[in-house]
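Next up, structure tokens for two forms of one chain, structure 1 and then structure 2.
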Structure 1
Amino acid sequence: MSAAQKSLALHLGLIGGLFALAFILPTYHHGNFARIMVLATYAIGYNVLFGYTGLLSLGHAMFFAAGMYGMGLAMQYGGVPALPALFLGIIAATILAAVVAVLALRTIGVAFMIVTLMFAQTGFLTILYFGEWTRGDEGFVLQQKVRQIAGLDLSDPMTRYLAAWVLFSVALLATARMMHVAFGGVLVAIRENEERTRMLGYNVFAHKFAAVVISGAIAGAAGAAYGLLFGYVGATFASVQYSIFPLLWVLLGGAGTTIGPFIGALFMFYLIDYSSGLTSAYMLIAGVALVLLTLFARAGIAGEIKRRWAPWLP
């Protein structure tokens, strides 16, 4: 099998496996996996920018939240039906990403990290400031009766699982495809050597801009879907913690690999889920994981597998 065939088989295998799990998993894990697939979609979006383009954002929660609030506010106050609201959320995140890209891409490295962090913090505080509509920290619940697309009740566990599965599958296949065509190659080239890439005649800014916008749009789609599927919109999802999570998932799973975001989200979700049963200080796990990954396994799980056993891994 060629590398391209192997990677196609891997992606379809993962998607097929997750579909089969919909009918096998016990209730508790069934619900967890629905969540994990949405969060993994968020991580896939993050990976486009961090893993492939080499731009480390500390503010992706603003895109996740833009999707979530774009959707949620439209439904809550505009009476917009679920499906158009979902798209409004994605559009909101995309526009925000374009604006942030134009400003933040004037900086590089550490400054880029801090600028994105500050913009996200501005976003978080803005949500708190307009607490009258956003309900601030408390957030608001989307009623079950409005969470319907084409007559399907998204609060039903199986429907919800399959909706999350569709979202994840589309994001996975789309980004895998993107990395297979020339555009993805240029993103990697920018990550590896920006100056050389510019001197080969590529418009580096345009590619980075596109990467931020695509990344933000996917994160926004995940945020909108999360709010819609689980019926809750809250400021927590705009906080620094939700900017750190996708970084953590992608680092753990393997930055710059297509399946890394899913692996990372899966492992970290269960690690935190398990430890939060033992202690309220469950974020300790996240801290320890960040330090250990930085020290010993920068490539993450999929990255190590790729290095040791499967160089074809996309």
Structure 2
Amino acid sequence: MSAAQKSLALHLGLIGGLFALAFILPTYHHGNFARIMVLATYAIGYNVLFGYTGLLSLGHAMFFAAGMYGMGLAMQYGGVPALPALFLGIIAATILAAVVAVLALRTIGVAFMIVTLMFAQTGFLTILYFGEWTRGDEGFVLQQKVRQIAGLDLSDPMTRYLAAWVLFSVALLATARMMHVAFGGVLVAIRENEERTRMLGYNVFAHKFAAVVISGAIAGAAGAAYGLLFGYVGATFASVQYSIFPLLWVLLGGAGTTIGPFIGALFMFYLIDYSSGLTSAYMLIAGVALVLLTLFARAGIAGEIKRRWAPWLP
């Protein structure tokens, strides 16, 4: 079996396994996995920028929140149905990503990281400033009766799980495909040696711009889906915390691997979930786990598996 065939089998196996779990998992874990798949989609978007292109962003929460608020405000005040509102959220995040890319890509390295953080903080403060409509830190709840697509109630646990599964599956397969075409190869080349890539005649700025926009659009789709599936829109999702989370998930799972974001989101979610049941200092346990992984699995879980045993791992 070729590497491409193994890669396809792995992705389809993961997608098939998650589908089967919809009918097996107990209620508590059923809800958790729906949430994890949406957050893993967010991490997949981040991985496009950081894992494949090598651009470290500390402001991705602004794209997640743009998708969430673009969808939520359209439904709350415009009376827009769920599906069109979902697309409006994605469009809002994509436009924001394009604007940020034009400005932030004028910088490199640490400066890019700081600029994205500043943009994200501006977005967070804007949400608080317009609290009359956004409800600020309190946020607002989307009523169950409006959370429907084609007659399907997205507040129903099974429907919500399958909707999250569709979103994750599309994002996973799309990014996997992207990395098997020339565009994905150029992104990796930029990550490894930007100057050499430019000398070979590639338009580095155009590829980096596209990476930011694609990354922002996927993050926005995850944000819009999160708000729609779980019925809540709040400023917390625009905070620095939600810019750090995808970085941690990608680092834990394996930057530059297609399944790394899912593994990282799954690992961190349940680590915090179980440790919080043992002690109020659960973040200390999470921190120790992060330090140990950094020391002994620098490439992340999937990255170490790829390096040691399965070089074909995408």
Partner chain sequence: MDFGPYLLLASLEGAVGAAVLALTAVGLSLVFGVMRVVNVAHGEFYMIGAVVAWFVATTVGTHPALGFVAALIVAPLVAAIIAIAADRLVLKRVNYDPEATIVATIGILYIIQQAALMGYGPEARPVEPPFNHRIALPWYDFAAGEWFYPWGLGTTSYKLFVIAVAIVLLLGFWALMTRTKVGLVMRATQLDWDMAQAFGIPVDRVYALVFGFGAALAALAAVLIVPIQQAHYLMGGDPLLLSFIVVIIGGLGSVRGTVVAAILIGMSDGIISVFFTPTLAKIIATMVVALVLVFRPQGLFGTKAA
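The shown structure was predicted, so the numbers you read here are calculated from the model rather than taken from an experiment. Shifts are known only where both forms have a C-alpha. Heads up, when I say rigid core I mean the largest set of C-alphas that superpose within 1.5 Å between the two forms. When a residue number appears, read it as a position in the sequence of structure 1, where counting begins at 1.
Here the chain taken from the form predicted on its own appears as structure 2, while structure 1 comes from elsewhere. The Cα shift for Ala297 between structure 1 and structure 2, taken after rigid core superposition, is 2 angstroms or larger. After superposition on the rigid core, displacement of the C-alpha of Asn32 between structure 1 and structure 2 stays below 2 Å. Lined up on the core, Ser276 has its CA atom moved by 2.4 Å between structure 1 and structure 2. Taking residues common to both forms and aligning the rigid core, Cα displacements of 2 Å or more over three or more consecutive positions between structure 1 and structure 2 occur only in 275-298.
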